[in-house]
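The chain below stands alone and is given in structure tokens; this is the form predicted alone.
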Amino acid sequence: MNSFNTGIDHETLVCARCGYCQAVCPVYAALGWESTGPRGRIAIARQAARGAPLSLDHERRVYQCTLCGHCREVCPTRIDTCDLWLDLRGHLAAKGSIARWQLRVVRDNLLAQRNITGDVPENRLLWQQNLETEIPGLNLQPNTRVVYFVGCVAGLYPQTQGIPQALSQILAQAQISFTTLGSAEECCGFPLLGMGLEDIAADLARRKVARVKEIGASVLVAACPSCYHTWRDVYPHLLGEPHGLQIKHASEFLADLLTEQRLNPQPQETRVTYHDPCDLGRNSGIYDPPRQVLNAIPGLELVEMAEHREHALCCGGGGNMEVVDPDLVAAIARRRLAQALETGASFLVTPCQQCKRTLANAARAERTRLKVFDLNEFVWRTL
């Protein structure tokens, strides 16, 4: 992440104003105004770099972004637009902008309860109540090599609590000794980074790394792509040094378990399409492991959507945008859902709890018969 002076001031001059970024931006596709696309956002950043005050409309444009990274993928001048947007949000945060938006509610929840919903810490254990089998040492078991980091969305939203239930039972069936942080787990800090509050996120990072090392773990598994990206790629920057932990996304872990024949999925004669989460694909470079998992299921036919891998459309659920403009999130999700329906698949599978929420909501709103599953949930139903 660049500082404000070396980031915004320099990168806005590099921009060639070619418009390649506009063509792939999910927000611009939904709204159509120049100011809603990356090129327009860079013009707003240029104003900020010159010290000009931003209007409320311009502030809204800064937050109407999912941080999907697609604009960075196609930029011919190689601007790291994700870093640029985070720098710009940091600039707004320093000027008190968050207090003018619903983002302040999420920030206050994180400061008070260390999670995005404001739930009491004990509620992080609610997903464990419906496990089919008892798993010993599930919470804060000392001297355990593997820690499963559940994340706020999967741990606290009923719609996605099936994900930790599925993954924990998969690990138990594969005879993997693991533990979670239980009620002591705190948000990874990704929403704070998305608000430009890097200093507070760094404090959370230090606390969580220390907590995991107290257990004696050396491997951390995350099913949430945003948690995964934050632990693997952002924490070393925030801490100023490597944290010494091996960070694995759940799809990578499952692919290894299938290769080692520690899981035995049963045949599924069905057609499935796969959605690449932005934070797992473009922002973390993980494309193959989830596909390896699906292709390891006998009888399953995997059909790709028209745009996939590094060019996959965003689901709309990233970058804190659900807090700022939920209607825009729904519009972006409908566009991705339409591509999934074109494949003729019976199931839409994605290894991301937030993608599952946005796409399942879109499927429900459109009254389609397409079933949306997280990858862990889909694998568990085959075992």
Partner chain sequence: MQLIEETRMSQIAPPRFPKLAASLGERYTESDFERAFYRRDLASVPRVLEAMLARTTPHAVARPQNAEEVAALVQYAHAHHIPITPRAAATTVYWNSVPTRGGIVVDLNALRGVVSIDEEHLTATVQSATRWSELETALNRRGYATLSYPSSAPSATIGGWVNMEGHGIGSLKYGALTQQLQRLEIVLPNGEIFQATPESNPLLSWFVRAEGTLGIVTEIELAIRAKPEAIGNHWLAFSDVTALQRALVALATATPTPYSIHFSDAAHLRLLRDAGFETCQVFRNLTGLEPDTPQFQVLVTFDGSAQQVAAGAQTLKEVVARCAGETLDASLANLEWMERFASLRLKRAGPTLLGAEAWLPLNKLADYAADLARLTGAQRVPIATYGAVVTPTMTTVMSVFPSDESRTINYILDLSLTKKIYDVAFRHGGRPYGIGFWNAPYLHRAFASRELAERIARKRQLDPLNIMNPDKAYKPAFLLSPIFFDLGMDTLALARRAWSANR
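Numbering follows the first chain given and starts at 1. Only a predicted model underlies this, so the values are computations on that prediction, with no experimental measurement involved.
From this point on, the text means the form predicted together with its partner chain, which you will not see here.
Colleague: Give me the residue from D119, D233, E307, E73 that has a heavy atom within 4.5 Å of its partner chain in the predicted complex.
Modeller: Of the candidates D119, D233, E307, E73, E307 is the one lying within 4.5 Å of its partner chain in the predicted complex.
Colleague: Indicate whether G32 is a 4.5 Å heavy atom neighbour of its partner chain in the predicted complex.
Modeller: Result yes; G32 sits at the interface with its partner chain in the predicted complex.
Colleague: I'd like to know whether R104 contacts its partner chain in the predicted complex, with contact meaning heavy atoms within 4.5 angstroms.
Modeller: So R104 counts as contacting its partner chain.
Colleague: Is C187 close enough to touch its partner chain in the predicted complex, meaning at least one heavy atom pair within 4.5 Å?
Modeller: C187 lies outside the contact set for its partner chain.
Colleague: Although its partner chain is absent from this view, report whether T77 comes within 4.5 Å of it in the predicted complex, heavy atoms only.
Modeller: Although its partner chain is absent here, T77 would touch it in the predicted complex, with heavy atoms inside 4.5 Å.
Colleague: Each of H10, R60 and V324 near its partner chain in the predicted complex, meaning some heavy atom within 4.5 Å?
Modeller: Yes, the whole candidate spot contacts its partner chain.
Colleague: If we take heavy atoms and a 4.5 Å cut-off, which stretch out of 312 to 320, 348 to 356, 51 to 59, 65 to 73 is in contact with its partner chain in the predicted complex?
Modeller: Every other range fails; the passing one is 51 to 59.
Colleague: Using a 4.5 Å cut-off on any heavy atom, which residues of 12 to 44 would contact its partner chain in the predicted complex?
Modeller: Contacting residues: L13, V14, C15, A16, R17, C18, G19, Y20, Q22, A23, Y28, L31, G32, W33, E34, S35, R39, G40, A43, I44.
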